[in-house]
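Consider the single chain below, provided in structure tokens and representing the form predicted on its own.
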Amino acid sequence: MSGKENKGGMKQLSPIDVYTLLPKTNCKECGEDNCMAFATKVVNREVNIDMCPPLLTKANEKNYKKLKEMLKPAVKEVTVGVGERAVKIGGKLVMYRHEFTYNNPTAIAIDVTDEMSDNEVLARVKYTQDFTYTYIGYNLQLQMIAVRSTSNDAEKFKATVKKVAENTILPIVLCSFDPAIIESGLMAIPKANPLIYAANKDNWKEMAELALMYKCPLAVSAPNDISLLKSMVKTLNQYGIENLVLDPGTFTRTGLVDTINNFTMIRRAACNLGDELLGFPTIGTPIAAWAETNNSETVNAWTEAHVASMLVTRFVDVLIMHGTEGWALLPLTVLRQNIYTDPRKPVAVKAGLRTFGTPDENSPVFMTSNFALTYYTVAQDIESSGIASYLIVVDSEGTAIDSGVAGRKLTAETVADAIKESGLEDKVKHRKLIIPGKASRISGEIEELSNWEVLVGPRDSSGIPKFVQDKWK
């Protein structure tokens, strides 16, 4: 980042902007060598200004407030829930991820209604809370439960909210346009900090009173009307509501174009035009696909899934969904994870030696790169094969095998060095290394530099079991 204007006219920070407001004591209490180094990390959002003790003193209070204002994100960060599974939404600094890393991945809520049986409610809550899938080292999960009032019965809603809260630590979204229904739900979980969904032009005052009374965030709904949405936000801000979530409406089929345009315009206004009235997290409701009762459940689930995937790419911070099909949720969570990785850094794992099973001095030794997708694929194939073995993970600067070899990130020198650092020469009595087929072009160089015999393995790690059976003696 530099201290120049971006396309929208908003000033981008430089380390100098931050440094001028720091105490400039170079005390190293923050863990950095000097204040300029700390300022650089602050600009890159690698550290928080609260890590500078001298800045937190009374004498520097004015500068602290200036820095807080200077560093606040274009999209306000809002917290839903309490405890270890509380979810932060929003907090975005820029519109596009190539400009700066996104944080606070889109939260996905699965719904229950107050007309479902107790068993169905509990099953859906358990499924949502237990949903997890390990993908290149990340645990992909669902984050919230949305409790919807379909009965319009305050007591039924209250009972359902209470049952959900007793059986999960996930944050809750209370869904109704009736303030009396919402109040009954809040009474069941008065200190849980749920998200109220939603205030509209007819009920905003009553909903605002509830948000203030229970100190919880409030969603603002104005379907397909951004002007009305801004007007309501302004009114609610003046009323004292600071933690808002914007809902411009989610429409499927012919309304999908308006849906995508509205979410895009809201985020552009906040990030590029500095419109603070639209600088709040957004919420999408792909669950709207299930309103088409003439379709089969499979069609509705597919419609919901593809709308949800579009909204994840169009800056939405919370999604409310109904379907629990793995074929819909798993690709969605993978897509979300790919968008919310740091584009400035390769997705890599730590280089070094890994063991599988209980290898001995005669066990095979494999080699791979530290690109996360490559490593986890190879590791999974070795583990599932049941072969007790060693795996040398070479630092290829987060590149895959073929691109690492082509770009000289994975070389014979790095492999030879990795062998020495692994300590394998004390663990095995043989000197044989199995390398990926895609690294065959450097096999001769590896042999020369390491004095190990190189066996060129399969191009794909799925072929490891057969290769070991045929070639390893």
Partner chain sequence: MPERAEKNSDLKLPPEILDLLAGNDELELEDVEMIVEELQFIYQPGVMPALQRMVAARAKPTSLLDAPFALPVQKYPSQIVEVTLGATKSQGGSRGTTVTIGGEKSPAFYTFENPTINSPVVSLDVFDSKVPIPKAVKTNFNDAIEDPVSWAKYAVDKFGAQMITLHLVSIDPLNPKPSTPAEAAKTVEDVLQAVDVPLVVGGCGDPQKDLAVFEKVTAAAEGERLLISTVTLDMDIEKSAKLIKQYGHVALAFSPMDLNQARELNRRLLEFLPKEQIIMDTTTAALGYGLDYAYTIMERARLAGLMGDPELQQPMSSGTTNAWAAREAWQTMDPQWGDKGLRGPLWETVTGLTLLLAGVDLFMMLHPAAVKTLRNTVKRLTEKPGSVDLSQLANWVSTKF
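Between two forms, the rigid core is defined as the largest C-alpha subset superposing within 1.5 Å. Positions refer to the first chain, counted from 1. Remember, predicted model here, so these are calculated numbers, not experimental data.
This next part talks about the form predicted in complex with its partner chain, which is not shown.
Contact annotation for the candidate site: Lys230, Gly255 and Asp258 all lie close to its partner chain in the model of the complex (heavy atom within 4.5 Å).
The partner is not drawn, yet in the model of the complex one stretch among 163-171, 269-277, 67-75, 82-90 has residues with heavy atoms inside 4.5 Å of its partner chain: 269-277. Only one of the listed residues (Asp153, Glu397, Glu242, Glu115) places a non-hydrogen atom within 4.5 angstroms of its partner chain in the model of the complex, and that residue is Glu115. Out of the listed residues Ser389, Asn203, Ser309, Asn104, Ser309 is the one that sits within 4.5 Å of its partner chain in the model of the complex by at least one heavy atom. Residue contact check for Glu183: none of its heavy atoms lie within 4.5 Å of its partner chain in the model of the complex. Residue contact with its partner chain in the model of the complex: Gln129 places no heavy atom within 4.5 Å of it. Although the partner is absent here, Ile226 lies within 4.5 Å of its partner chain in the model of the complex, judged by heavy atoms. Although the partner is absent here, Phe366 is not a contact residue: none of its heavy atoms lies within 4.5 angstroms of its partner chain in the model of the complex.
For the partner-free chain shown, Met95, Tyr96, Arg97, His98 of 84-110 come within 4.5 angstroms of its partner chain in the model of the complex, judged by any non-hydrogen atom. When the rigid core is held fixed, the Cα atom of Val405 travels 2 angstroms or more between the shown form and the other one. When the rigid core is held fixed, the Cα atom of Val18 travels less than 2 angstroms between the shown form and the other one. Taking 2 Å as the criterion, Asn104 does not count as shifted between the shown form and the other one: its C-alpha moves by less than this amount when the rigid core is aligned.
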